[in-house]
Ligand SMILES: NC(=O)c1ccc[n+]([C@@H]2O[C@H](COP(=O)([O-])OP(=O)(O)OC[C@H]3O[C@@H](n4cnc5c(N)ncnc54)[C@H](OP(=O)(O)O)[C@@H]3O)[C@@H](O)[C@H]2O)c1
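Form predicted on its own, single chain, as structure tokens, below.
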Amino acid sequence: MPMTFDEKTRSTSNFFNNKGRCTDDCLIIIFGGSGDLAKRKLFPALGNLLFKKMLPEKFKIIAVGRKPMENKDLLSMGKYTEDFIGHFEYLQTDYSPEGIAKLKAAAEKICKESGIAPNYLFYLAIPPEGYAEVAKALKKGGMVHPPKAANWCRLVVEKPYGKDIESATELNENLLSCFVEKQIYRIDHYLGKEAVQNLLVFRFANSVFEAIWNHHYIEHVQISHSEILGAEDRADYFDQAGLLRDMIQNHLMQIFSLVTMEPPVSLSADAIRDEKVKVLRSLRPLDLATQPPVAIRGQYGPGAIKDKAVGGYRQEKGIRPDSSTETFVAIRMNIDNFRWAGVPFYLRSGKRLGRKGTEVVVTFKKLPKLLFNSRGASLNNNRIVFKIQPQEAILLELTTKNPGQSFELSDTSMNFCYSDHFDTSADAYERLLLDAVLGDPTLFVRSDETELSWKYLDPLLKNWAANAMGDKFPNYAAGSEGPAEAAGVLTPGEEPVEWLDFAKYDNICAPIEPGNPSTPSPKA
């Protein structure tokens, strides 16, 4: 049987020993260890990595929180083995100098008693306003190793990285005053999804597609993210942030960068991230005065989803009754470089829509109306569809001839479903946590990426903040496809452009049975 890419990588990498485990001992220290993110995502991901024997032979997890907690309460959201529980400790402390001194003493004691080298992976699963405080406390408390020291330390921070260009720049400056850039891992869990990573392989490992990946052949690109859920238990955060900050600035911009970047000179982290940065530098500034508009926003009102009545955004618990926070965004983007000159990119994201899904659809230009037009046939565009969630798939939409004597044409699709060929049960956090332990920053976001993204969207954020929608919201019903104004960002070329019916790509693949993310897969 031929060796897979992953096996080849492990067999030659300095990061893994001959048993497939990471070679470096480490302490994984999770701040916010009693919080929802840690219990729902981080602990199950680490439990699966241990089950798959991919973590170091010597490691410990220290969950740090302010509340008094028992291990059984922290690990209540999964089924964990005794082996995992033996690697797990909870430490009640805060981020004061005394609290960090308590953490340092506990870490040194664990390392001494367990024979673990003092390599520290700090994970900040806390509100963003605490990032700088914890980083400074760790630095002042002597827990940050110099970059060239014998032992390493790394800092993982969750999005959002600021709320505008000023706060993002300030946060980067604060973090970089305590850690160097190569020690900082800004996590975007979308980059841990297999279908997102496969965008690079699809483009740069298949000559048949890379040759036509440019303005000569591509008419436009649509990137869509739809949610059925509303603000839910994130109301306090979301009503301050809004969808432009919550989804567009990070998740969809990261996907956009992978779709549009130039081939990197290598697969090294810096080479890939350099090309993503070049795309962001090439973005045409948003002209907020132009018509049709480059961006529109929406907010959902009462409606129905799957025949169940739901309330509007302003009626949700924790939401201001006069809130002008957007729950829907559609935006038109252009890249002023040689590859993408004249190709519009349409990004769309919304809450309380009629379906859940994330897709990238590349629409190719039509052929000249010569051969089949005289026969009354209508040629549609060819398309490549990348389904990112909930199903992972790649679809190629083609035109074929119907059987029979006449030249009747129909649209057909060549479908590739990940679930038909691979075990896709691994959670994005598994991949990203493992990469952080390994010291591989490829799938993490660099400081200049975050600042360029904020710089691009900042004028729109300030414009919307200065022009509250008031009684113009809500402007779409829950369960619908979003506000009618979304069509306004689409610029017609030779052919009229419409938002695609993304629902037609649902159920292309066999449904994946829901399972407990902390329950090891039989294939693991």
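Position 1 is the first residue in the sequence shown; the rest follow in order. All values derive from a computational prediction rather than experimental measurement.
Not on display, but discussed next: the form predicted in complex with the named molecule.
Peer 1: Find the only residue in 146, 318, 127, 390 having a heavy atom within 4.5 Å of the named molecule in the predicted bound form.
Peer 2: Looking at 146, 318, 127, 390 one by one, just 127 meets the 4.5 Å heavy-atom criterion.
Peer 1: Using a 4.5 Å cut on heavy atoms, which of 44, 483, 65, 474 is close to the named molecule in the predicted bound form?
Peer 2: None of the others qualify; the residue that does is 65.
Peer 1: Pick from 483-491, 452-460, 465-473, 30-38: which stretch has non-hydrogen atoms within 4.5 Å of the named molecule in the predicted bound form?
Peer 2: Going through the listed ranges, the match is 30-38.
Peer 1: Is residue 158 close to the named molecule in the predicted bound form, meaning a heavy atom pair under 4.5 Å apart or at it?
Peer 2: Output for residue 158 is yes: heavy atoms within 4.5 Å of the named molecule.
Peer 1: If you check in the predicted bound form, is residue 364 within 4.5 Å of the named molecule, heavy atoms only?
Peer 2: No, residue 364 sits far enough from the named molecule in the predicted bound form that none of its heavy atoms falls within 4.5 Å.
Peer 1: Should residue 429 be counted as a contact of the named molecule in the predicted bound form, where contact means heavy atoms within 4.5 Å?
Peer 2: Yes.
Peer 1: Although the named molecule is absent from this view, report whether residue 209 comes within 4.5 Å of it in the predicted bound form, heavy atoms only.
Peer 2: Flag for residue 209 set to no.
Peer 1: Is it the case in the predicted bound form that 122, 185 and 190 each bring at least one heavy atom within 4.5 Å of the named molecule?
Peer 2: Per the other structure, none of 122, 185 and 190 touch the named molecule.
Peer 1: Which residues from 80-103 come close to the named molecule in the predicted bound form, meaning a heavy atom within 4.5 Å?
Peer 2: Stretch hits, in order: 90, 95.
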